[in-house]
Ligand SMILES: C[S@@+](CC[C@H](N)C(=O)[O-])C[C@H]1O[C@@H](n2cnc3c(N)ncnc32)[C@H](O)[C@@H]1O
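Take a look at this single chain, the form predicted alone, given in C-alpha cells.
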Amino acid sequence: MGKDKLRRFEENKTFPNLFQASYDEVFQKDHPLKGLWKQKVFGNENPLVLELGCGKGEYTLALARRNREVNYIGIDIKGARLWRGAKTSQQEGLKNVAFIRTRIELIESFFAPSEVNAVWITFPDPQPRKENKRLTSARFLERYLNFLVPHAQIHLKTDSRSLYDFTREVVRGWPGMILLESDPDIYNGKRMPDDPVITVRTFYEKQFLEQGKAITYLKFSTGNLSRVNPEEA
C-alpha cells in the first residue's frame, strides 16, 4: 500500500463527519447512529438523502452546496476515495454533509424505518454477470425500502445501457413502484441548463463522455413503500 493512501487512511480518522465501522461491528447489528443521524450528526430535522457508491463524493458535495436545507450522506467502501469528499466538505465548511465507509450490503444497519428521504446511485458497477449484486436489483431495493419514507425517489445515473434497461424492467414489474423519468441520453439537449442531472458530473462520468458513451438516467418512486418482492407477488 502506497504512503499517500496510508496518509489518507490516517487523516480519515480525524474527520468528524466520516464514520467508519468494521464488518463485525454492523453485521446483523445496529450502528449507534441508526435512527439518529439528523439529531446527532446534523442537528436538525431536514430531509436526509444518500448517495450510494459515492466514490470521491462529487455528487454528494455538489447537491449539498445547492441545497443547504437538505442533509446528504455519501456511502462507499473505498476509504481513499472518501478522503477526498470528507476533506473537501471540511475545507468548505459544509455542515450538511457526512460520509460512511461501509459495504452497501450492510446499509440496513445504519438507517431506521422512514429515516431517509431519497437515494442517488451514480455510476455503480453494472455487475454484468451477477444480477443480484446490482444496486438496483430487487435484493437491494428491498433493503432500501426498509429505511425510505413513503413515496421516496431513487435516482440512477449510469453509462451502462444494460443496467439502465435492467433497472427499468425491475421498477415496471414491482407492485406500487412508479417510474417517473426514463432518459437513455441525458445530454440530448432537452434538459434545462441548471438541471443537476447534467450540471453535476463525476470523475467517471467525464471519462465516459470523453469516450463517447451515452449517459442514462432513471428516476422512480417507491410509491406507498410496499415491501413485497416482485418475484414473490
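Keep in mind that this is a model prediction, so the values were computed, not measured. Don't overthink the numbering: it's just position in the shown sequence, from 1.
One more form of this protein, predicted together with the named molecule, exists but is not displayed; see below.
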Task: Proximity of Thr122 to the named molecule in the predicted bound form, heavy atoms at 4.5 Å - done: yes
Task: Heavy atom of Arg81 within 4.5 Å of the named molecule in the predicted bound form - done: yes
Open item on the list: Within 4.5 Å, heavy atoms only: does Glu105 come near the named molecule in the predicted bound form?
Closed with: yes
Open item on the list: Taking the named molecule as it sits in the predicted bound form, is Gly35 in contact with it (heavy atom to heavy atom, 4.5 Å or less)?
Closed with: no
Open item on the list: Can you pick out, from Gly53, Pro47, Gly176, Pro196, the residue that has a heavy atom within 4.5 Å of the named molecule in the predicted bound form?
Closed with: Gly53
Open item on the list: Taking 4.5 angstroms as the heavy atom distance cut-off, pick the stretch from 200-208, 163-171, 35-43, 62-70 that is near the named molecule in the predicted bound form.
Closed with: 200-208
- [ ] Pull the contact list for 56-92: residues with a heavy atom within 4.5 Å of the named molecule in the predicted bound form, in sequence order.
- [x] Glu58, Asp76, Ile77, Lys78, Arg81
